[in-house]
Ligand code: RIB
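In the block that follows, a single chain appears as structure tokens, in the form predicted on its own.
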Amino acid sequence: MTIIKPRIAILGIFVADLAFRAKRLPVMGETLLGQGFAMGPGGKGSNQSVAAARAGGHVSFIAKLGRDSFGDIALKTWGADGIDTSHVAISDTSPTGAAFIFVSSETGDNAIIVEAGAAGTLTADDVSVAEKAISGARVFVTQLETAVAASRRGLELARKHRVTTIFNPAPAAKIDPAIYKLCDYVTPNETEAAEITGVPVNTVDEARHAGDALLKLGAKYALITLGANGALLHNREQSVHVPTYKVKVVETTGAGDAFNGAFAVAIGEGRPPVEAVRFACACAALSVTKAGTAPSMPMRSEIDALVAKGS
């Protein structure tokens, strides 16, 4: 059976990822010798776009870059995966963003500082210019690395045109609760869910309580990613814990972006939500078997093979 590529519109940022590997973070005033360094493409929106394109989506990315070498890396990255960049603006006054990523050489876990650069200047009006890309999509995805007003405008336009909305509230921030009423799926990780709702999320049952809080805010579905414990799909009719796939972890950076990009494609293909979560878990699991963010995103054939194989 031939699957028609669903159109996915994603609003977000690109940053150049500067990843440092070491046993631990230095304390203030301390210098540590690292155990590895890499530079590559990053930013949640960009990573999600690459993940969605490789997972089988026809992706339009809405963003802004600086006119610099990091911006050149972004355009090359998107071109390699066939991502539509007709709604990527170029700034002559602001640089392309960058991210400092600490990766533990002991566990593969990460801590990140992001500076959005030019993408941080995206306004609601800038997003309105891209209305055609949003209205023509099956699914619209955004996060909180752009200005809240820009993300909200994207969600409003998607809702206006009856496009399914996925809101990845990362990094977590206190925002107008009315935004959640524009969201079909809200996809925080455990830390973000706890920060947004005030409910600790250390177990699946606690995730359900946080999910209830997100539903009260207005979300149709709470979809909380739980790292090695998979994900919880929760609404008023059902609450399903979907385990992840067992793999050898190299680096967890970008796993959430892999999940969101793949989930958008599966929903765009018309899959039932639980099946879409399984597909997204497979994509995320494969992404952690490689180093890097965008470069670690798996191809559709790899995802299908892991889903067919099972846990």
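Treat the numbers as computed from the prediction; the structure is a model and nothing was measured. Residue positions are given as counts along the sequence shown, with the first one as 1.
Below: the form predicted in complex with the named molecule, not depicted.
Colleague: Of these, 29 to 37, 252 to 260, 270 to 278, 63 to 71, which stretch puts a heavy atom within 4.5 angstroms of the named molecule in the predicted complex?
Modeller: In short, 252 to 260.
Colleague: Do residue 148 and the named molecule come within 4.5 Å of each other in the predicted complex, heavy atoms counted?
Modeller: Close contact is absent here: in the predicted complex, residue 148 is far from the named molecule, nothing within 4.5 Å, heavy atoms only.
Colleague: Does any part of residue 47 reach within 4.5 Å of the named molecule in the predicted complex? Heavy atoms only, please.
Modeller: Residue 47: yes, in contact with the named molecule in the predicted complex.
Colleague: Heavy atom to heavy atom, is residue 213 within 4.5 Å of the named molecule in the predicted complex?
Modeller: Flag for residue 213 set to no.
Colleague: With the partner left out here, check for me: in the predicted complex, does some heavy atom of residue 287 sit within 4.5 Å of the named molecule?
Modeller: Answer no; every heavy atom of residue 287 is more than 4.5 Å from the named molecule in the predicted complex.
Colleague: Name the residue from 112, 240, 204, 228 that puts a heavy atom within 4.5 Å of the named molecule in the predicted complex.
Modeller: Selected option: 112.
Colleague: Tell me, out of 179, 130, 99, 163, which residue has a non-hydrogen atom within 4.5 angstroms of the named molecule in the predicted complex.
Modeller: Answer to the contact question: 99.
Colleague: Check each residue of 11 to 31 against the named molecule in the predicted complex and list those with a heavy atom within 4.5 Å, in sequence order.
Modeller: Residues within 4.5 Å: 15, 17.
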